[in-house]
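A single chain comes next, written as structure tokens; it is the form predicted alone.
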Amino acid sequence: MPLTPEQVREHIPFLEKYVYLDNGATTPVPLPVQEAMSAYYNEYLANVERGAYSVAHEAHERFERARENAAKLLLGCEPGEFVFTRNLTHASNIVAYALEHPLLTTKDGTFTLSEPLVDWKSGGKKNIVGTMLEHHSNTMPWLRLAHHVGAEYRVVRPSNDMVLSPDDLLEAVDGNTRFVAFQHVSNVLGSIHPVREITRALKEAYPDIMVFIDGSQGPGHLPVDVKDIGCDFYGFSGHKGPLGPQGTGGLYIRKEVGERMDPMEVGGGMMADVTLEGYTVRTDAVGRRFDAGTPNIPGMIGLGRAAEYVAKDIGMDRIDERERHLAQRLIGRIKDLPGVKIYGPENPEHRGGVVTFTIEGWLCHDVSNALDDGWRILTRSGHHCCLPLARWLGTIDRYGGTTRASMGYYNMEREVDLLAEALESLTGG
């Protein structure tokens, strides 16, 4: 039987002390995930790759099993297409580096450059397309890339209810667009975008466009199938939806693209051969090409167990349904409070478990502090690493940003109701 919210709460002692509604920033790590990490330290502590003794072999097998769990259960891809990362920021920077630097390898003792992923120089000025809704980690790498390669950076604004549409993106791209980056779910607005339809529309119109999706609020919150989406890259952080430890994450790379990518880091583990004249990178699995150096072994083992926890022990559909239910319950309770403004899609089908709001006359940080001081309710306040969006919404100068309540499967209706009652008290409603 799937774990109930009450059973999951028993695995997260932290929830006994607080009403935790900051899951969009980071999530608690359940005891079964912690236990998987502790088992590494206590039972089979060894480095991975090439160890001949039994414990090293076990460590390597469990590490690769974690990769398989994360790849298949969270993204629906093969382990060979999956790169362990520190977080989404690491994932986007891996891709940005490869878009700027052609694959470097050696042949007959001489370094050679392969054909670049993108020829940025010939055939007119190329462009990169992003959106107004993005987290800084899905904006800054592409801004820097555009500057380095001399490309134009174009920005899309959603035309309807804060939800991106295929038409929004198609209006921005043209024959010189080489790369498009957009989010799956907004960490500020809760918008769930039709990423499959957007990706397919882009690929149909311009087959050479490469698509990167920021899935930081995707895996662990809702089912994800990157093959069905059809994107070239999909990155996420393990410490959000998947309930994994901080410093973990993943990146799906379409195999045909990954084979042409130069890794951002080089060193032990990712090479096929090294001489004093040069080196060649691994080709046995695209994902391992990016495994330079000793990885965060216990963290990734924790991520693999977390993938099982959300996908098998609970179920992605159940998580998705409950988080949406909690968000709509909160919206229904606070939408008519005096001075309260809620941001994001009005259509519940297009909103995940995020409710972001402002209160007239209040700075957002004062709201969060008051909720903590008076009711031990933990929310996030500020620009949520989306400064362009906050300025576009007009919330920075007036409120210092917004206050955000982001739900987890383990949150209870009574906690949502307590937040509503607290806001009613603050607003005099």
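The first residue of the shown sequence is 1; numbering continues from there. The structure presented is a predicted model; accordingly, all values stated were derived computationally and were not measured.
Below, we refer to the form predicted together with a small molecule, which is not included among the displayed structures.
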Examine residue 180 and determine whether its closest non-hydrogen atom to the small molecule in the predicted bound form is within 4.5 angstroms. no
With the cut-off set at 4.5 Å between non-hydrogen atoms, does residue 307 touch the small molecule in the predicted bound form? no
The small molecule contact at residue 88 in the predicted bound form, heavy atom, 4.5 Å: yes
Closest heavy atom of residue 408 to the small molecule in the predicted bound form, within 4.5 Å or not? no
Candidate stretches 345 to 353, 211 to 219, 225 to 233, 104 to 112, one within 4.5 Å of the small molecule in the predicted bound form by heavy atom: 211 to 219
In the predicted bound form, does every one of 135, 187 and 237 come within 4.5 Å of the small molecule, counting any heavy atom? yes
